[in-house]
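Below you'll find only one chain, the form predicted alone, shown as structure tokens.
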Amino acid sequence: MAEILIFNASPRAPRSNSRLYAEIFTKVCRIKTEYFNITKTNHIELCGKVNGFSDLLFVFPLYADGIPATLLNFLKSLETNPPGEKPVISVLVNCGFLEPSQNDTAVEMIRLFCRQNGYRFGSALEIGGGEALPATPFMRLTARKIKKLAECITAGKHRILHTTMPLPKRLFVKASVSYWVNYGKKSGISEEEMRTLRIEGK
């Protein structure tokens, strides 16, 4: 039976945007899904759950132009504890950059894992501006693409999808700077301090 197992590989999974994107996927997907957060202590348990699922979807944010350590460490466990029947692996990755293509390397890392370990790579949705999206009206555009991702996975007609906020880059950067300046103020850090390398010792 076709069923999708969703693993949230965000380092802050319970309160992450990845959780929100996974919830949307679950709501729009026409087949059964099961959702779990990857933690430091549940790798073997999750490896055991992979058996019996036709598809495995990793949902995670971009970290340093690649996959987060949370996912990297889990993949090491999955490599040494493979399921009897290997599912098709798909990806839903989001980044803070406006350009979805910033996620390309992370997707290629998962594709390489699949190739080296005998899994079929399925679909991917690369989201740009993923950190800010939930607080904007553009979230509806993202939800549509998540629905398209679900359709691609369930139909077995795999594609690489992209979405981002339809904003000029200059406006996006301006809004981003304003966000981080205000975020810094909440922690007692001025804009001038944020532009230096001396924040760590504050």
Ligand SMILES: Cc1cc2nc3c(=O)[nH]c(=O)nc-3n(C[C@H](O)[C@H](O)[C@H](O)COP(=O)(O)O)c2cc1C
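Quick note: we count residues from 1 along the sequence shown, nothing fancier. The model shown is predicted, which means the values in this text are computed figures rather than measured ones.
Another form, the form predicted in complex with the named molecule, is not on view; read the next lines as being about it.
- With the partner omitted from this view, the residue of A155, A135, I44, A64 that lies near the named molecule in the predicted complex is A64 [heavy atom within 4.5 Å].
- For the options V88, L78, V107, C95, the residue carrying a heavy atom within 4.5 angstroms of the named molecule in the predicted complex is C95.
- Contact between K185 and the named molecule in the predicted complex is not found at the 4.5 Å heavy atom cutoff.
- Of the residues in 4-18, those that come within 4.5 Å of the named molecule in the predicted complex through at least one heavy atom are, in sequence order, S10, R12, S16, N17, S18.
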